[in-house]
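To begin, one chain is listed below as structure tokens, in the form predicted alone.
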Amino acid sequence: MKDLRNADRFLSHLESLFSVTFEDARAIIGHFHQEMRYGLAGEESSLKMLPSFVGRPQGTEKGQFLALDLGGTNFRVLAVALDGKGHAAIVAVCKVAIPQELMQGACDGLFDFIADSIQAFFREHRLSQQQAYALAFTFSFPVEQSSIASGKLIEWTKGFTASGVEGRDVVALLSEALKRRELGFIRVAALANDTVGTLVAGSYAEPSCDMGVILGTGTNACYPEKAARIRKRPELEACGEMIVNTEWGNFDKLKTNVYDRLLDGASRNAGRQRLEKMVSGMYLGEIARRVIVEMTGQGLLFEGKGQAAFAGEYALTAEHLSMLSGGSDIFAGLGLADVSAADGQAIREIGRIVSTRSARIAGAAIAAVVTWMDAHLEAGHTVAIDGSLFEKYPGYQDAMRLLLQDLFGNRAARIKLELVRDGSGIGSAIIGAVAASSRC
């Protein structure tokens, strides 16, 4: 029989390992500002601070635009209608799962598959192939852009390893695949990150929106920067304002614990994407699983009997933790029978500890970007946020807001966290519209 007091002591220690205190949050903000400064100057930094070559929309953009949204194991082809009054609507969409062998195969195979799916979209929705189309391409991976419609992949993330793509212009690769499929009447007019799309979608409807954040399987953020402050690209100064993609998933000035280090060491990109591995939904379940395995090994869960359900890496997901936090019984679905109330509560507590740290780090990072723009919070700021962690995980938003209140007191009300669904799809189309009038 396990000692419940030992289990409680373990969880109490675990909470201290995963805590993000007021002092921790202030340190994150300070380090973040320093890394932003270095990144904008082109100096060594864990924040890439990538110019997007697009600014915020006016809200008056109008028409129908095509978008390709590639951000993970699925991608979508969309047609989006803009009414010129701040409203956007998806009028046609096709969602496609990318086979694992293409994610990890050769360059041409991946892009030919995408082109085939665009061709199928035209057939399914009976769109004319006798006219020219402009397509905005949301490509949610680190890209070094050189214009609104060109950019080289810096490195794959999210499980992609397709060869022959890193270091090459992804717009050129897509355009070549379109030509191979006789779809040359489609011009790739804009390239964007899903985070930039989220900001653009948010600011199309709400002019006070000046930050875009993804909090889902992955995580990232962007904000509008004075082009004159992007010192590594002095030629951009004439652009006025430009959205900068921080690629904050790689921010590395965070305190880690043994579980973070074990997860990182076993990952395909060891030593990189530290913030992402502590915040994003892709990794939260795996962190919790490693804690569960350790507690079981110490006889603190399941009477010390190892459970096959937790034996494999990434067997536990953020969705599992979210369902458990919401009161659902996930154990039967994992093939576990007769889980005791004490064990179930302990696992629920592990999920709370891991997810709360994620939310508080995300809140501190948002505070860093907002105070970079407005040091004393003199104005109101709307943060457009897309992603399942923010939208669906019970208590996640509350933990973020509590962190902001800890930092800013009553002034925290000037930071509005706003859910913007499908920023990567709708935002991409709006970027296509903005690109038509872009100066850069």
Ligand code: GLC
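Not measured: the values here are computed from a predicted model. One-based numbering along the sequence shown.
Although it is not shown, the form predicted in complex with this ligand is what the next lines describe.
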{"property": "Residues Phe141, Asp194 and Ile214 all lining this ligand in the predicted complex, heavy atom within 4.5 Å", "result": "yes"}
{"property": "Position in contact with this ligand when the complex is considered in the predicted complex, options Arg233, Arg352, Lys158, Arg272, heavy atoms within 4.5 Å", "result": "Lys158"}
{"property": "Non-hydrogen atom contact Pro224 with this ligand in the predicted complex at 4.5 angstroms", "result": "no"}
{"property": "Distance check, Glu276 to this ligand in the predicted complex, heavy atom within 4.5 Å", "result": "yes"}
{"property": "Thr219 within 4.5 Å of this ligand in the predicted complex, heavy atoms", "result": "yes"}
{"property": "Segment that reaches this ligand in the predicted complex - one of 141 to 149, 303 to 311, 86 to 94, 331 to 339, heavy atoms within 4.5 Å", "result": "141 to 149"}
